[in-house]
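Shown here is one chain on its own, the form predicted alone, set out as structure tokens.
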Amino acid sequence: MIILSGGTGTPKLLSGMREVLPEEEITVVVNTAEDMWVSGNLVCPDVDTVLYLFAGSIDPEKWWGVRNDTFATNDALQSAGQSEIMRIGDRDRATHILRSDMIRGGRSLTGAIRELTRRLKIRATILPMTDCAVATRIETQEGEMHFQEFWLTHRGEPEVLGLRIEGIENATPSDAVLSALENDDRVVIGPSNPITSIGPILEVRGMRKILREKEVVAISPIIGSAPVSGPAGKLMHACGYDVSSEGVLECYRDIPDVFVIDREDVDIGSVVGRGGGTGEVGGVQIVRADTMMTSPEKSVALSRVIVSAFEEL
């Protein structure tokens, strides 16, 4: 099974999926449009969250970074007058250093991530969406800025006028991503931000065309008119989408075969009733489930719903 992933939402799903499927059967294609170089090292926030999850070292409170990490290097840099856009832990920074040294030595991002998964003894396959350099740039009244600057420095507060993915027009899937898609017809679009986490993956050249030929189950990260977490609502509105599960489905257009929404969410199209059940809108099967993964048990339960959805396709 291939799972498209961004930050917090989808890794919570992955934590359940690894209890339902053998890890060797899980391939995660991860957003890289939020990557940036910090203090000479390449930080890949979404990729690293997935790495730490499968390595068993993720901070379970924040759902990013390493559990019980220390921040001596970050604090020393701050004391020396060099502030960093991210507060990077020492063990987390070690990952960035290893990856950056491999890239400076001639490896692709995919090759560097493959080596990190080997060193971390991860059995799942973790693939960056592309080896090409891309970056989500947010247009605000205060000027255009990298997504990380918008979210971390400005705490997502500026009004969003639009966004662009720098370099996406030249971005192609890696051979590893294409090979994974050739060998597996089941694709999950995880409950991550549809604009800045999933959107860049879909915009990599040829991805939408490939996914239209697959069996695709997508999970909405919106309940009612608000995202479960993060700035998805503000970004969806700026891009002209309704902040709702229906708006998420519009983002994905003709890709999903099954769309999972929360059992307490508002109706989509002709789908009525709450608390479970299925319906269909525009040829897409709508399934209701508990998508609020507030415990490991709930993550496992949602994973089972997804596996069952594939079995019924």
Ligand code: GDP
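Everything numeric here is computed off the predicted structure, so don't read it as measured data. Each residue number is its position in the shown sequence, starting from 1.
Keep in mind the form predicted together with this ligand is missing from the figure; the text below concerns it.
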Name the stretch, out of 82-90, 101-109, 193-201, 158-166, where some heavy atom lies within 4.5 Å of this ligand in the predicted complex.
-> 193-201
Examine A232 and determine whether its closest non-hydrogen atom to this ligand in the predicted complex is within 4.5 angstroms.
-> yes
Using the partner position in the predicted complex, report whether A301 sits within 4.5 Å of this ligand, counting heavy atoms only.
-> no
Does this ligand get within 4.5 angstroms of any non-hydrogen atom of M293 in the predicted complex?
-> yes
Is P221 close enough to this ligand in the predicted complex to count, meaning some heavy atom within 4.5 Å?
-> yes
Taking 4.5 Å between heavy atoms as the contact cutoff, choose which of L116, L211, V243, V228 touches this ligand in the predicted complex.
-> V228
This ligand in the predicted complex - contacting residues of 1-34, heavy atom within 4.5 Å | G6, G7, T8, G9, T10, P11, K12, E34
